[in-house]
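One chain follows as structure tokens, the form predicted on its own.
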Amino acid sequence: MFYTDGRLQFPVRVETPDPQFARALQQAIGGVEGEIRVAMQYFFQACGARGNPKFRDLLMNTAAEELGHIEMLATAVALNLEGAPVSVKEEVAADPVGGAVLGGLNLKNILSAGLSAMPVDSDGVPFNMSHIYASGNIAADMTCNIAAEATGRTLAVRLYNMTQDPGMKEMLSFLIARDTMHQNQWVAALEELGGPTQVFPIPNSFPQEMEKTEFSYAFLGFQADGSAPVAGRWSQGPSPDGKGEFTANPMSPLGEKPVLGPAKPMSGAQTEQITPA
């Protein structure tokens, strides 16, 4: 069950409407780093979270929070569009296409949404859910969530630095702070699951003796001259999961050149592919 409230999660105010910034804000709504992505990701992760119910509650509460962030950003887009300076409106009226481009407006926000936000990115491309990661593995999902919040916070910081509007900076400051919390809560969830030595490699239910263990902790170099790869923490010392020791090795081909059979008749291939010489 979900509940709604007529009030926003955090105040949204625009002192100087900016259609170009409205377009930029769309990336935080429908971009691959945006709020639709994390809201749906956490929601579907929660729906499939088996095991300790605390993780389902963690995910569902955060999904609900992200829905509120979509509402905030959609309001910010509308306020930046509906209060566009008269000069910009006149420019668009005089030359609808050229003026919209020069003014930073996305025509979809005018033609399809009546100066309102849409579930699209800053180029007007609809969000298609292809970046929703809900694997059914709680540790894999938490790891994906850290990356989602890291890219989301990076976007929010870029938006913060793009605007001079005090109200927009205040709203984005709140969203950046929440991204800070979310990054840390997903890390904390991994710690709750046992930390690196218990969680990794994911899934930890697959017996490691069944994998080719000589490659489990080897950093492979693919330099053409066969030289060793550049050394780093990932190529020497104990692995973070405590189950191996890193090495760095130049990689040589272990397999043969692939040889495929002839194409099937009536498959649309060339005659020479069906009956090779």
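Note that residue numbering begins at 1 and tracks the sequence as displayed. All figures in this text were calculated on a predicted structure; none of them were measured in a lab. Between two forms, the rigid core is defined as the largest C-alpha subset superposing within 1.5 Å.
One more form of this protein should be noted, the form predicted in complex with a further copy of the same chain, which is absent from this view; the next part is about it.
Q) According to a 4.5 angstroms non-hydrogen atom cut-off, is Ile138 in contact with a further copy of the same chain in the predicted bound form? A) Yes, Ile138 lies within 4.5 Å of a further copy of the same chain in the predicted bound form.
Q: Look up in the predicted bound form whether Thr16 has a non-hydrogen atom within 4.5 angstroms of a further copy of the same chain, and give yes or no.
A: Flag for Thr16 set to no.
Q) Counting only non-hydrogen atoms and a 4.5 angstroms cut-off, does Ile29 reach a further copy of the same chain in the predicted bound form? A) Flag for Ile29 set to yes.
**Q.** Close approach of Gly167 to a further copy of the same chain in the predicted bound form, 4.5 Å, heavy atom
**A.** No.
Q: Note that a further copy of the same chain is not shown here; using its position in the predicted bound form, name the residues of 2 to 35 with a heavy atom within 4.5 Å of it, in sequence order.
A: Result: Phe2, Tyr3, Thr4, Asp5, Gly6, Arg7, Leu8, Gln9, Phe10, Pro11, Gln20, Arg23, Ala24, Gln27, Ile29, Val32, Glu33.
(Q) Is Leu254 displaced by at least 2 Å at its C-alpha between this form and the one not shown when the rigid core is overlaid? (A) After core superposition, the C-alpha of Leu254 moves less than 2 Å between this form and the one not shown.
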